[in-house]
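So this one's two forms of a single chain, laid out as structure tokens and tagged structure 1 and structure 2.
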Structure 1
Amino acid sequence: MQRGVSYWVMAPLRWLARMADVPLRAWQRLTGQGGMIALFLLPNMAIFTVFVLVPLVMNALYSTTGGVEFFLADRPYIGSDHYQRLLDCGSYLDPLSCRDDMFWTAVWNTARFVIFQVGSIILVAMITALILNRAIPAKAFWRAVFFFPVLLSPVVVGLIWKWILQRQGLANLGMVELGLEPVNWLTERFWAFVAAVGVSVWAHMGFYTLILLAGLQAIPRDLYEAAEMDGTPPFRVFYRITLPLLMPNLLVVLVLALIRAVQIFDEAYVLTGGGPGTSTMFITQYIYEVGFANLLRNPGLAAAASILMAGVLVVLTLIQLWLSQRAGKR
């Protein structure tokens, strides 16, 4: 048999593979199939342990220590003081009645943001997906247009919109040209919050649009044809056919958008800096400010706040898993 050049080039690799095969077979004989699974999972688990589990445990330890020192060994143990400070409230509905009112202001700002941002993003992504699912000209181009902002860095998104919305920015220039009064988009509490929500929706809706579009395209056409033959009005078609069959995708979008919205930081921070006052200061910014940016840093308090935030994210993730499992059973 004639052997080509590639055979000889690959020979060392084959030899290495055979060498590696010996201990692997020995391991399999010793531990069975379960042992092989564990062996192949080991690298991933090691990375997960080093970069996720260990920091998580360290964060929990930091949250029980005080002072401004950096190393855990130099920091005095103070037990649950930070948690008590964060959770000490006259009424959780009134941030100003709390000992750390900034934390609760950030919590409520985040809750408001989540409600408006997730609500808006589902609505806008749904409408966009429905339009893109129709036979419109240049469909591929429009899909790319709506997905493009997802590819941008959040900092770039924040900067672009800051230039547009600042006092002498493009938006006000356009309004003045149209004979309208300029608006203080970023220095009025209401408008700054609207801007933070709007920019976030603009930046992320493309991703959710794609998920919904995939769901829409999976709905059998014959259902629509049957409805058309029956003379069903369009709204009823949407309500009775599209919405129920799209529900699994909508649930995925809802939970993913919720998790992402709770973690809002970068584009909002670049856009408004958390202002005016504290009206767009969200929980992640609070943690960043307390732990890293304040003139006097308090890493223990920041760690405690991040543990509480992690608790919320775990709950949301569990809901997502439960919903996924339920959808799978159907």
Structure 2
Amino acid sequence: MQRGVSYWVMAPLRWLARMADVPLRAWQRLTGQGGMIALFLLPNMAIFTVFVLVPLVMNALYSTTGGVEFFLADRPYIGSDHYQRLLDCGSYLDPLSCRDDMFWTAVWNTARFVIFQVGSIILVAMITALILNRAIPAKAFWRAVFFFPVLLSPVVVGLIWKWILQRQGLANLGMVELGLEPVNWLTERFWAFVAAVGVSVWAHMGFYTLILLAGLQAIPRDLYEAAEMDGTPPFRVFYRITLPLLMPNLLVVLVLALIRAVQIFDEAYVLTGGGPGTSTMFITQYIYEVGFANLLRNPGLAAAASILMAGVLVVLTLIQLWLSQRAGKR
């Protein structure tokens, strides 16, 4: 029988499989099914340990040390001094009353960013998903258009919008052509914050739109047909059918968007550099500046801030797991 090219291409893999068969069977007889599962999980656990667990432990150790030395053994132990400095505030609502006012300025900037960015991205993603779920011409093309920014590097996104929004950029050129006054998008505090929120929404809404679109397409069509036969108004159909059945997807989108918004750094840093002043300095940029960019670097303080930020992310992740389990029981 004549053998095709695929037979010879796969020949090395078949040989490796036969070689591995004997020791794997021996391991299974020795340890059972649990041992096989542990064996196949071992590479992933090793990678997780090297690239996640070890850096996390080292970061926690750095947060309890002082000085500017790089190696942990050369750094003096100072206990919880960095945490006390970060949390020492006359009023947490007034960053200027805090011992480290830059940290709390970054915290409140991040809080404002999370509120406006997450609210906007859910609203825009929902409207886009509802439109793309309808019978419109070139539906596949429009889905690709809205998802395309997700494929771009955050640095590329920041550079593109920086060229568009700078003083002599495309946005102001269009406004002048329309007879409007140009706007200092990146040099006025209010507009710089609006630009950071808007660019982030544009860059990430495609991902959340796909999640919501998948949820919309899973809703049985006969429910809409029955509502149409009863003459139910569109808003009532959305409120009584679409929204309740889409709630599990909305919860996933909400928590994922919250976690991503807390971690905002790259595109906002490229776009505004944290300015003007500290109007767009977010918590991740604070950690970067304190730990790496400032002349007087303080890696221990940056590590302590990142541990506090990790605590917030853990809480958000637990909320996501709780909401997912609750939605699964319904």
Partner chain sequence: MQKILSIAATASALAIAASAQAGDVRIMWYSDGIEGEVMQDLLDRFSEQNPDINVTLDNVAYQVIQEQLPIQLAAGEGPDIARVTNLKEQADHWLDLTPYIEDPAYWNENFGDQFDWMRPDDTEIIPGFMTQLTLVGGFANKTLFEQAGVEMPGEGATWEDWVNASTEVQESQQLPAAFVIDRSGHRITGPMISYGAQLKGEDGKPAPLDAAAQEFITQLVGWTESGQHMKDVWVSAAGTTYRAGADEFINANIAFYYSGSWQVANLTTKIGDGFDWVATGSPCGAAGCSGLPGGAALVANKNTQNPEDVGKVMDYLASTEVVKEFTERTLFLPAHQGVIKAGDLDFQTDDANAKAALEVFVAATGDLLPEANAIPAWRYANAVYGGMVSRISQAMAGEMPVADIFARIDNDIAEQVAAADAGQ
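Numbering runs along the sequence of structure 1, starting at 1. Superpose the two forms; the largest set of C-alphas matching within 1.5 Å is the rigid core. Only a predicted model underlies this, so the values are computations on that prediction, with no experimental measurement involved.
Structure 2 derives from the form predicted on its own, whereas structure 1 comes from the other one. A movement of the C-alpha atom of Gly277 falling short of 2 angstroms is seen between the two structures when the two forms are aligned on their rigid core.
Core-superposed comparison between the two structures: CA of Thr31 displaced by 2 Å or more. Between-form comparison between the two structures gives a rotation of 14° for the smaller rigid part, taken against the larger part from C-alpha superpositions.
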